[in-house]
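Taking the form predicted alone, here's one chain by itself in structure tokens.
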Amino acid sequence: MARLVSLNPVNGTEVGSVPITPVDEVPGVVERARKGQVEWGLLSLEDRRAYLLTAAQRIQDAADTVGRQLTEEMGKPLGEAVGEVRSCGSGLAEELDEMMEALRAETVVDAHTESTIFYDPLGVCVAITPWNFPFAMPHWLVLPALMAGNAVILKPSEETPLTAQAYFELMSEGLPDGVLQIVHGAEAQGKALVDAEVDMIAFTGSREVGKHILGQAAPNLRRVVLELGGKDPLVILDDADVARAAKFAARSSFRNAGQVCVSTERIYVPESIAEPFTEALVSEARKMAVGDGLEEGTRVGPMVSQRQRRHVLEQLEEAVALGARILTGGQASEVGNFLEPVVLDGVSHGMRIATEETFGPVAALIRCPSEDEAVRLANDTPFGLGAVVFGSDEERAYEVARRLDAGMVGVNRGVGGASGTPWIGARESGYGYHKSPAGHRQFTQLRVVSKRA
């Protein structure tokens, strides 16, 4: 059987491999899921919670080992990798409790009628997940789908199959046959699952692939939840704390080598504070030690692949040719997929790096004459995942935040909301959403049964 080989982005050596699922076996995988879902869907919420909760300790116990493998497979610094795995185990009980409350039947009564709202399973759900958070992203999609009573087929990225396989093994232990399965491969396997007789497709990845999935799901009106790309802006107001804003910008732009869906990719800074902000940002960028994620002190590891790094370098080269200036960084290693964090000044919306997703360690600076122009440019994109506003007057910053066309907006902080809020994109960055009680219910078929009051 053909195998999918995972390569270490530090040096190109083999980390491990998994068997590729033949495309002609996909219908059988779906059939096993269909059969397994019947029993699983009939269980009570309490029983499903009990099954799934057993994975919490297994994940915690495996965090160091799986985290190290994650770093070797995609380059993320070890502390972040272990934290990604551990958080999925430590937060499991709380997440399941939130899901239980969201999925309980509700009764509504008026003068004549008593109606009960049920959140029933959809059936078979396909979860297609990316490589940048190869443990957490499967968890975000698989867990609510299972808790809702669906059977789930996980199709992880071909870039990080080992981490996804570890997640699958930790979660599937003890579950009834067919309830959770994994399909390994690349585009052919993904297309086969999208075209299969399934009831829901939950996808996190590029806008282009998301559009294809939506089109394929349309003829049968299958349920689709898509979290797609972003081109997240950071709008800095003229009263912002420059040092604090620069520190946030560096962390947000360069974390995970910029390979985060809500990384800051565009920074709009007023002319009045552009020089001190730029100087502070360059200083922060130079503090971001680049190296093997297993080495102590590394803050930026390698990019996941040569292809991804080449995409970033092509955008940089075009921007420089059109007049942008690299103030620091940009050196690409000869061995491995390293790229020094870049601060790019003189960027305009006539450059692809200002309008197309970069997904790399680049902080692109765009100087603006006014707050209104910054808002206009920040909204000048088909994307709308996240956005951030920095300003000392938080009431003013909040008002600017409300003018930004994004699903999640942070004021003097990142975009992540309070516990129980959804992870959601606007415009072409999202179709449906997940997390939160309302997000959990997207993995269900809502039914209303009524009788006389």
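Remember, predicted model here, so these are calculated numbers, not experimental data. One rule holds for the numbers: they count along the sequence shown, beginning at 1.
The protein also exists as the form predicted in complex with ligand NAD; that form is not presented, and the subsequent description refers to it.
K.L.:
Using a 4.5 Å heavy atom cut-off, which residue among Phe359, Phe248, Phe277, Phe254 comes into contact with ligand NAD in the predicted bound form?
P.N.:
By the 4.5 Å criterion, the partner-contacting residue is Phe359.
K.L.:
Can you pick out, from Val26, Leu385, Ala397, Ile59, the residue that has a heavy atom within 4.5 Å of ligand NAD in the predicted bound form?
P.N.:
Contact residue from the list: Leu385.
K.L.:
Classify Arg266 as contacting or not contacting ligand NAD in the predicted bound form by the rule of any non-hydrogen atom within 4.5 angstroms, answering yes or no.
P.N.:
Contact check for Arg266: no, nothing within 4.5 Å of ligand NAD in the predicted bound form.
K.L.:
Contact with ligand NAD in the predicted bound form for Glu187, defined as at least one heavy atom pair within 4.5 Å: yes or no?
P.N.:
Glu187: yes, in contact with ligand NAD in the predicted bound form.
K.L.:
Is there a heavy atom of Leu122 no more than 4.5 Å from a heavy atom of ligand NAD in the predicted bound form?
P.N.:
Although ligand NAD is absent here, Leu122 would stay clear of it in the predicted bound form, with no heavy atoms inside 4.5 Å.
K.L.:
Is it the case that Gly230, even though its partner is missing from this view, gets within 4.5 Å of ligand NAD in the predicted bound form, heavy atoms only?
P.N.:
Although ligand NAD is absent here, Gly230 would touch it in the predicted bound form, with heavy atoms inside 4.5 Å.
K.L.:
Has each of Arg367, Glu371 and Arg376 got a heavy atom lying within 4.5 angstroms of ligand NAD in the predicted bound form?
P.N.:
Judged in the predicted bound form, none of Arg367, Glu371 and Arg376 sits within 4.5 Å of ligand NAD.
K.L.:
Select, from the options 351-359, 281-289, 294-302, 335-343, the stretch whose residues sit within 4.5 angstroms of ligand NAD in the predicted bound form by heavy atom distance.
P.N.:
That would be 351-359.
K.L.:
What residues in 126-158 sit within 4.5 Å of ligand NAD in the predicted bound form, counting heavy atoms only?
P.N.:
Contacting residues: Ile128, Thr129, Pro130, Trp131, Asn132, Met137, Lys155, Pro156, Ser157, Glu158.
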